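Form predicted on its own, single chain, as structure tokens, below.
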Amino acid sequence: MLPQFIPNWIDGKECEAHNNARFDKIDPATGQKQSSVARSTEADIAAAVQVARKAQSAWADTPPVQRGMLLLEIVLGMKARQKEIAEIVAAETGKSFKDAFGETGGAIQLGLFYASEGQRLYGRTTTSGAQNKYAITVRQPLGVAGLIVPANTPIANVAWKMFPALICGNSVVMKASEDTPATSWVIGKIATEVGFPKGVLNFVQGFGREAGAALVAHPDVDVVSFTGSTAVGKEIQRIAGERFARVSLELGGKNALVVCDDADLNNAVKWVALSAFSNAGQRCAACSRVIVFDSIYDQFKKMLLEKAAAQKVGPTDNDDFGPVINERQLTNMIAAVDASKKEGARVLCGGSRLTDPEHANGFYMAPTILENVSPAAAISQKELFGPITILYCVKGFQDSLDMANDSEYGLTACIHTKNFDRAVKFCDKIRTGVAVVNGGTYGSEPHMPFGGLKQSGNGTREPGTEALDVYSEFKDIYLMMDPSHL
């Protein structure tokens, strides 16, 4: 299923890193080596960008409808091999096959959406203030798109950036996540097999500091799109911004879910558990702050702890969530919990690595719930990207809204209430890019814009039709008519 060696895809061909360097990909479920991966550096990025630049002109000249038809061939290839892709995703991440299969289905759905956008790359025709003059706008590609994706939902992340960049007429160099290299590799393989134009879609393996940084800094990369940490996003903004490259950043979140005193508590508990623990909490939209009205706090806490105790941790379809992606991330999460305990936090459940024989070799974190944590504490403000959430007790609606907004992040938020007025007010006043009523903090759909405020991004939105604004630019065209020629 997984190849022993995972190469780059450049100009439609598999290739080693220029110096033949490799690194080991570790299975997060077992701690064992899975495969060797090309360890690309600046020279490999330069080669991929050169190829992409050369191929981009002909791709841009391909009518958008035909670009969509070519993208459809990739989508159909993904559909035909959905099971194989899901097996690769499950193996690389440690998540269940069931979850990986669903994630792959979402990526296919997104691909279909953007393939059809080739028929709808709308500009506009409008009026002019002068006689015999017509004003129109058209979309045009930017050039070479440098795309950097994380490992948490790998096939969705690949599709999320690849398809809108390509439909707009850009060529692509994608720096695959070092933790999920085979997921990108199999898409490169499918693209090659269906005859996608060589050089238009390229995948480069490697580490962020060695390959990702070189991609961001390359002067021939016209647009950079990155999903990941806020700290790295700030660095990307600074470096790419120096040459006025277009930059799209989808960064961290410290997402709040409010439980009001009139909420359906069974439904709220279900969605808190899913938002906090599913995918091992490795979502930028995960729920890491649960804000509960004081009149129901004890009852809700009891119910949530019962739900957490029932969580099954492992890589099978019978489990609720699997390991975190690597040992470094696991170590950082445990350190954050330990530091919070020294500041007075109370660990209600979890808080440590699972060390029983079934889990000892993998990177498994027990489902963790904390309380007695200050909203100003580091663990209340810092994104952890793991199955960890914190309970806070508040008096009422305004306090809950104020606490939810008291964060440097502004990605998603949710409220559970039967009160229409509370729901509307919350959605209006919460300072996030996504607001949900009586659901979870995650679950945005492929045709909808996703992104955040404050430290959660730089204002761009992907996917949805709004992503077309990331990967294209508008050109004003004025047509002057001479009546004497009539």
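Model, not experiment: these values are computed from the prediction. Note that residue numbering begins at 1 and tracks the sequence as displayed.
This next part talks about the form predicted in complex with ligand NAD, which is not shown.
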Report task. May I ask you to choose, among 313, 308, 213, 373, the residue with a heavy atom within 4.5 Å of ligand NAD in the predicted bound form? Result -> 213
Query raised in the report: Only one of 383, 99, 87, 117 has a non-hydrogen atom within 4.5 angstroms of ligand NAD in the predicted bound form; which is it?
Result: 383
Report task. Please state whether every one of the three residues 176, 227 and 235 places a non-hydrogen atom within 4.5 angstroms of ligand NAD in the predicted bound form. Result -> yes
Report task. Tell me, please, which stretch of 183-191, 146-154, 392-400, 72-80 lies within 4.5 angstroms of ligand NAD in the predicted bound form when heavy atoms are compared? Result -> 146-154
Query raised in the report: in the predicted bound form, does residue 251 have a heavy atom within 4.5 Å of ligand NAD?
Result: yes
Requested in this report: Report whether the minimum heavy atom distance between residue 208 and ligand NAD in the predicted bound form is within 4.5 Å.
Outcome: yes
Report task. Decide whether residue 168 counts as a contact residue for ligand NAD in the predicted bound form under a heavy atom distance cut-off of 4.5 Å. Result -> no
Report task. With heavy atoms only and a cut-off of 4.5 Å, decide whether residue 450 touches ligand NAD in the predicted bound form. Result -> yes
